[in-house]
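Taking the form predicted alone, here's one chain by itself in structure tokens.
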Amino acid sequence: MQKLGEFKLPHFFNYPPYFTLQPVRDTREKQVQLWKDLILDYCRTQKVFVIGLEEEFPLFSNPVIGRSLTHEAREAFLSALVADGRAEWMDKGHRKCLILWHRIQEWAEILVQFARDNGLEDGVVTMEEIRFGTESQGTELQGIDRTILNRALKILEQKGKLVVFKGTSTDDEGVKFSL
């Protein structure tokens, strides 16, 4: 089985037709599903939050078989993730895609569990500590994309589970949990 770093690639990754959009509807549906699963799994394990459609992305080419996805195929697979609520286009031109390997509500639940696990039920922490602090090391929150974090915090703020304090810069924005 081929690997991309430590990530194990599925068998279809070495099958050239999967790098070409399939014309038969049933075959294309299977192809799209395989690619959606692969993209989500890769992004989750490698902590990738944004894919640029026109940028190099390791999954979009396989040098072993000399194949690459076309722009049309890349956009089709990412658009399928968007349609499933597992990604969002970050711009009108569909050049960058925010990958939601957890939905925003799930990220909010992860934040609540993080606060509980670290005794922050009535504590204050900065957003940077959530993203890069000692407590987040080795957790799914480590390195979380700021856009996703802000949206998850907003959900919790609307539910009265925390308050976000704006600082003079993004480095000193704080969160006070009240769980």
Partner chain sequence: MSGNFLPPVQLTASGRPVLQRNEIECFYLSSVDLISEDEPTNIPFPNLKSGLLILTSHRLLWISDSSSSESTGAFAVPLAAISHIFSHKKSIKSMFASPRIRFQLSLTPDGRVSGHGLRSVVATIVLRGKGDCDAFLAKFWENWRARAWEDDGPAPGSSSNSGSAPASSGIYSSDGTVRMVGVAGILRKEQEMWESTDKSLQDAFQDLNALMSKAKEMVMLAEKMRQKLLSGSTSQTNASNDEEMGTKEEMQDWLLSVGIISPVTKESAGAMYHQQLSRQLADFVKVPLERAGGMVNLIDIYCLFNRARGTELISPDDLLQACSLWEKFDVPVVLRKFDSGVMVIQNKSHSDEEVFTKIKVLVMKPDTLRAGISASDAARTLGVAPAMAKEHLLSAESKGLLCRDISPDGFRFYINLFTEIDRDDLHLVKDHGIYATWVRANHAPQ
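Keep in mind that this is a model prediction, so the values were computed, not measured. Positions refer to the first chain, counted from 1.
Same protein, other form: the form predicted together with the partner chain, not shown, and the subject of what follows.
Contact annotation for residue 176: none of its heavy atoms lies within 4.5 Å of the partner chain in the model of the complex. Residue contact with the partner chain in the model of the complex: residue 31 places a heavy atom within 4.5 Å of it. In the model of the complex, residue 163 stays away from the partner chain, with no heavy atom inside 4.5 Å.
Looking at residue 47, you'd find every heavy atom of it more than 4.5 angstroms from the partner chain in the model of the complex.
The stretch among 111 to 119, 54 to 62, 137 to 145, 23 to 31 whose residues place heavy atoms within 4.5 Å of the partner chain in the model of the complex is 23 to 31. The partner is not shown here, but in the model of the complex the stretch 61 to 76 reaches within 4.5 angstroms of the partner chain through a heavy atom at 67 alone.
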